[in-house]
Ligand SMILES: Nc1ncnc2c1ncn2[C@@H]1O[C@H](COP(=O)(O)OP(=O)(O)OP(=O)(O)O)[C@@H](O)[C@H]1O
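Have a look below at one chain only, the form predicted on its own, in structure tokens format.
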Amino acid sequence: MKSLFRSVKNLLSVDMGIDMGTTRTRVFVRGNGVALDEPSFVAVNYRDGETEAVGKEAYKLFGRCPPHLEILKPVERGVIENFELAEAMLNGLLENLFKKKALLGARICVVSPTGATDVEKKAFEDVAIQVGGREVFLVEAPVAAAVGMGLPIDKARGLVCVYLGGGTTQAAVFSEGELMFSVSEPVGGEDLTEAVISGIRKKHRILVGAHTAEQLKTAMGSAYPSDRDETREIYGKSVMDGLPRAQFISNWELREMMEGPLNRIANAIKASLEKAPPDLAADIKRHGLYLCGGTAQLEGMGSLISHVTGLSCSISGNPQHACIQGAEKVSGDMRKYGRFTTTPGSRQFTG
């Protein structure tokens, strides 16, 4: 009888988690795990104002689309900048998952940035409702990440989880099952990519696109000095005459180009630790820092942060999915994690 009830319930409704980040949007569906992981991009056709493509299909057009198309990002620095684009992007992405909406709508856990205003939180809630959410609640990114990584937040004192995203660096400090405080700084992986584009332009007088810079950062980039010596040939457009030009770039050049934003990321984490109560200092020293997020995958990132803070750093095995996996766990056990969430009914909207 219980299994029949669960089957009918699953047909009528669905539990989902949405992590709509600056660079990527991820969705989990109860029973299917992480069902969607695509770039947070939308292609808009200015001839009719319609959405031409979303996700990876829109990202393919980035930097090479015709004049009547523009590739836009609904989310900047972790918050929704364009509500209509965000809704269009999510609707387009979810069409591939659901041929029709659940009869009773979805119960959705949405990952939101730390320090978001009521207006910014309301935007995440409204988007989730517009795409079929029946019940919506929010959980902050570093909190979701800590849960997703399986950290013992219910028992440990002075446990620090750092989320290194595309547009933000966020940190949360836990003590004996409670969130002590969380902080966010507007610096992340996109700043590293922009630094590569700017550095190549200044040093080699070549213009390269975001695709090329992102590939270089991922394949050869490093946050901390290493003995590895690697060189790769890239193609771009000469600043002088506008003609195509090839250039060899080394991994040590890339690290120098990214030095500015890398230091900002490390210093942001250091500044967040300075806000921790003195009584937690020994516990934080003992546990060290837990890193997650896509930018945590950059080679040497843990070594850089450890060098700046003097603390050991541990990186989860699947850092880019820590938040969405946390959203899945939170939504599956609200009795345990409900105190870390906010809902439209649990706070007063002042926007």
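In case it trips you up, residue 1 is the first one in the sequence shown, and so on. Fair warning: this is a prediction, and the values are worked out from it, not measured in the lab.
Below, we refer to the form predicted together with the named molecule, which is not included among the displayed structures.
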Legend entry - Interface residue in the predicted bound form among 78, 148, 261, 74, criterion: non-hydrogen atom within 4.5 angstroms of the named molecule: 78
Legend entry - Sole residue of 250, 198, 226, 218 within 4.5 Å of the named molecule in the predicted bound form, by heavy atom: 218
Inset, instruction - Report yes if any heavy atom of residue 164 sits within 4.5 Å of a heavy atom of the named molecule in the predicted bound form; otherwise report no. - result: yes
Legend entry - Touches the named molecule in the predicted bound form: residue 214 (any heavy atom, 4.5 Å): yes
Legend entry - Touches the named molecule in the predicted bound form: residue 298 (any heavy atom, 4.5 Å): yes
Inset, instruction - Please check if residue 23 has a heavy atom lying within 4.5 Å of any heavy atom of the named molecule in the predicted bound form. - result: yes
Inset, instruction - Please determine, with the chain shown alone, which of 231 to 239, 202 to 210, 82 to 90, 186 to 194 has non-hydrogen atoms within 4.5 Å of the named molecule in the predicted bound form. - result: 186 to 194
Inset, instruction - Let me know which residues along 106 to 121 have a heavy atom within 4.5 Å of the named molecule in the predicted bound form, or say none if there are none. - result: none
